[in-house]
Structures are given as structure tokens and as C-alpha cells.
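Below sits a lone chain in C-alpha cells, taken as the form predicted on its own.
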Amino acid sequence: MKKRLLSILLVTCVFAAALTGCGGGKQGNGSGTDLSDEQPTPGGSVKVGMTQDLVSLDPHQTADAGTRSVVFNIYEGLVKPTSDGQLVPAVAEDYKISEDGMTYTFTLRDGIKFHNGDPVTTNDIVYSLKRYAEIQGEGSAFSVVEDVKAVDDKTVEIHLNSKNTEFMPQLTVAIIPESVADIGKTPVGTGPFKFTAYTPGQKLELSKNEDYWVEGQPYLDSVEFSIISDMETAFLQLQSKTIDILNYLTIDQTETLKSDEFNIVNGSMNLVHGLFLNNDYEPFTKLEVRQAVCYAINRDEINDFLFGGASRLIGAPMVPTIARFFNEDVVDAYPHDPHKAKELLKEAGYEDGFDLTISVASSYSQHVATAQIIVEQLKEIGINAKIEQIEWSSWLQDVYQDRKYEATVVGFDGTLAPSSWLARYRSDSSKNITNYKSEEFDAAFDAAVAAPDDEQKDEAYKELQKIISDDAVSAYIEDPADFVGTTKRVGGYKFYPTSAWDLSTVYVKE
């Protein structure tokens, strides 16, 4: 087993670092969110590498974390998250919640404008929230909204049909102008950068919003998100300084970067990373088989090989960042135990194992590398797994939308609302790619959302994670460490507890 894993590690290292080889000392700052103590200076531009194309520039249609991270720079909601996980007013300058928790009243920020120069109106806010609710449909967090109305030219009221103490984080929904017919083709928001041009498969260009409401920001004049087909090429471009910033490096890639030319900052991806199983696919219809897969996977091995042990292990679809709701008790529910895994397969009638195809988006090196290690670990219990690498667009269609897959390695994100991490497991959720169906879970989820006080809500969400763990819906591995490489000319990079590559705080030091 060790020899096979060593072989995989070497292949992964070559895959990730290409001609640079493996080894060397880890450089840069180990945990910071800001790359420099210098005072930010205005002007200049940076290029950010990303290995997937954008799904949509319509902020109400984005389904993936990568696209949301990019459009974070273009659009804003009534409130927005900060890097330390707080919610602060954005398009709104103030808000209040009624004593019964059923009415949210927002006051529009003075003088705030869209990128096209038009003032933001309360009608735009009503339009945006109603449009988003309609697109998301029944079962979304916005299904509790009874009505949205403009009280006057400064005030908007949101009326709920039932109390939801987690509703405020949902109001990061982008506010867009009612006058723009096709927001996906002509992106217009209130964020720190405005849309300049987009060439599918190549790049997205943004320029500074001179009217941005945060004084002094953004510092950069322009930003380019360079879409690069694979991580190997992207890493080579970082090394050659063709791009300035690249996320999702492996530990081996960080060790090849020279400390006098690059900075390394590390944080968390805030993703539920794992081997997701199609519960409608035979033999995953059987609990014992799903449990066997969970016992077969050695999460520590994956963490050590790919992330130098820096990732945080999980046992259910919730990340440790949301500490209050995170259930520590399920983290070690399935310790690595190949013998027990074989016993469970025998009990389920699969003593000789079975064939399995793991579909993985080729643009994400950490998913591919994780799948490679899992293939070797599953061999130990007789499961003959193979990897099918597909384009990201194909993954979104075949796996995410059509659910035509057997297993997949991917990471799912959420918002600051705990329900967002677990809502996809409701039987009627359009995002339920695992095809998990449980009346017990559905009832418990509704109870968790409706829980009237903090103590009950904490326990309710921990119980939901236990249900998911007991049912072995999928093999949950980790919240991966995010190693970000930047050239020395760049400062001000920050991590967020949600999907966000915030370029408003980034600056050029030269």
C-alpha cells in the first residue's frame, strides 16, 4: 500500500509541478491573511489564475463556488460578509428586525450607484430579491418570504411567512438594476470592480469602480481573471509570473516556489470535500456498502499527502469554521478499518467487491489527486475503482444536474447560515446530487431551521450531521487547506469564510 501511495504522490507531484520537480523548503508566511505590513498603494493591476471557466455572470444563476468567488467583486447584497465572518451593511446602510422576527426593514445607502452610473433604487432591491426567489424556487431559503415591498424611496421591507433566525445571511443576494434585461451578458452591480470584458474560456476583465462606497477602495485599477485549462499550466504560469495569484496549490507545489520571489498564505477552502456517492446506484443503495467505503478511506493519508496535514477532518457536511454548529462527535465515526469494511461488503453480498467509476472534474487538481489516492485505498477492500476525468461543464451537466454518475470527488460550499450546508440533503432539493431520501432527515431539517433559540438550534444541526453520518450518505474527508501563491509584488490578500476572492483589498507594492 505504501509503495502504491508513494507512486501516486510522485505522479501527483509531477502533475502539479510539471518540470520543476518536488522537494525544497516551504516558504512564505504560514497562516496570514495579508501578504504585507506595508500601507496599501493605489494603482496597478493583477492577474488571477483560475482553472475553471465561469458558469454564468448572472449572480442569481451561479451554482458553483468558483464563479461565486469571482462575481463577489462585481455584485453586492443588502449585506455582505467580512473576512472574519461578520455580516455588515452593503447596499443598505442600516437594517432592523421586528421583535417577532417576521419583518426585516432595510434603509438604502445614500448615494450608492450601479456601475452604469444609475442610482440604486428601492425598486431595484424589490426586483432583485423577487427575481432571485423565483429562480431558486420552492425549497430554497427564500421560500419563507411572503412579500418584498418598497415603503418609500429609502426603505424596503421584507415580510416572512414564518420565522427564520438564519435569514439574514441569505440577504447577501446580489442587487442588480431592473433596467438591465440580460444581466448575464451585461453584468452591472455595485461592487468594487465593474465588468469590462469576458472571453469565454480565456479571461474576465474588470476595472476599478470609481464610485465604490468604501472610501479608498479598491486599490487596483484593474483585475484580470485568467482562465487556464489545467492546474499544471496554471502553476507554470505562476512560476513564470505570467499570473500573480493562484489558489488551491498542493503542499508540493508550495515547496517549489522560491521565498524571495513568491509568498505563500494558507487558510481554509471552506468546502465539504469528499467522495460523494449516488445513493440510487446499486450497490450504494445498501447502507452496509456505503459504510464500507467510509471505513476504507484513510482521510489522514489524503490530508498528509496533499495538504501536509493542514486540512481539518470532517465526518459530515459541515465545516469547522462554523464552530458553533460543527459536530465533533461524527468526525471519527468511520476510522480507517479495511477489515471492518470487508466484513460489511460480505454482509451486503459483495464479498468479491465491485467495479466503480469515480467522475472527477479535470480542472481541479486536488479532486483528481484525492480520487487517485482513494482508488488505491478501495483496492484494499476489493473495490475496483477507476477515474473518469471530465470537463467542468460536463461535470455540472452530467453529475450535478442529471445525476448520471456512480461516485464523484468534489467540494461543496455554503453561506454563514448553517442550513445552507445541509439543505441539499432534503429529499426534494434540486441540489441533492447524492439522491439521499430520508423522512427522518427532512423532518429534523425543518425543525432545525425553525428552532426558536440558540441552544435548540445548535443541537438540532448537530443531530442532522449525526443522521447523515449514521446513514453514511457519502465519505466526508476534510475541509481542505487552501495554499495561495502570489508574486512578491502583491499584498493584501484575504481569506473569507464564504466563496470570495476579494480583490478590493489587494494592492501592488511596486
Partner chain sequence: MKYVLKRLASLVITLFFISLVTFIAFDLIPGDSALTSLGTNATEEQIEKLREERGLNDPLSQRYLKWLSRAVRGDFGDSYQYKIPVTELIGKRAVTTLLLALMSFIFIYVPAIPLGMLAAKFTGKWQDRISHVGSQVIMAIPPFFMGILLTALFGVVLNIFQPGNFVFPTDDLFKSLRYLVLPAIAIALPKIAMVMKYLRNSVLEETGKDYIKNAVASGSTKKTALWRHAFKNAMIPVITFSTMMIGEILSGSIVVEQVFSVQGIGRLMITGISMRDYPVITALVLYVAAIVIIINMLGDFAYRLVDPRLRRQKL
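Heads up, when I say rigid core I mean the largest set of C-alphas that superpose within 1.5 Å between the two forms. Numbering follows the first chain given and starts at 1. The model shown is predicted, which means the values in this text are computed figures rather than measured ones.
One more form of this protein should be noted, the form predicted in complex with its partner chain, which is absent from this view; the next part is about it.
Contact with its partner chain in the predicted bound form, defined as any heavy atom within 4.5 Å, is confined among 226 to 234, 112 to 120, 96 to 104, 365 to 373 to 226 to 234.
Proximity of Gly349, Ser438 and Glu478 to its partner chain in the predicted bound form is absent: no residue of the three has a non-hydrogen atom within 4.5 angstroms.
Just one of Lys185, Arg324, Lys386, Lys149 comes within 4.5 Å of its partner chain in the predicted bound form, counting any heavy atom, and that one is Lys185. Screening Pro335, Gly309, Gly201, Gly216 for any heavy atom within 4.5 Å of its partner chain in the predicted bound form leaves a single hit, Gly201. Using a 4.5 Å cutoff between non-hydrogen atoms, Ser394 counts as a contact of its partner chain in the predicted bound form. Residue contact with its partner chain in the predicted bound form: Asp53 places a heavy atom within 4.5 Å of it. The shortest heavy atom separation between Ser45 and its partner chain in the predicted bound form exceeds 4.5 Å. Although the partner is absent here, Gln456 is not a contact residue: none of its heavy atoms lies within 4.5 angstroms of its partner chain in the predicted bound form. In sequence order, Phe412, Asp413, Arg424 are the residues of 403 to 428 having a heavy atom within 4.5 Å of its partner chain in the predicted bound form; the partner itself is omitted from this view. Put the two forms on the same core and the Cα of Glu157 is off by less than 2 Å between this form and the one not shown. Residue displacement note: Tyr364 has its CA displaced by at least 2 Å between this form and the one not shown (rigid core superposed).
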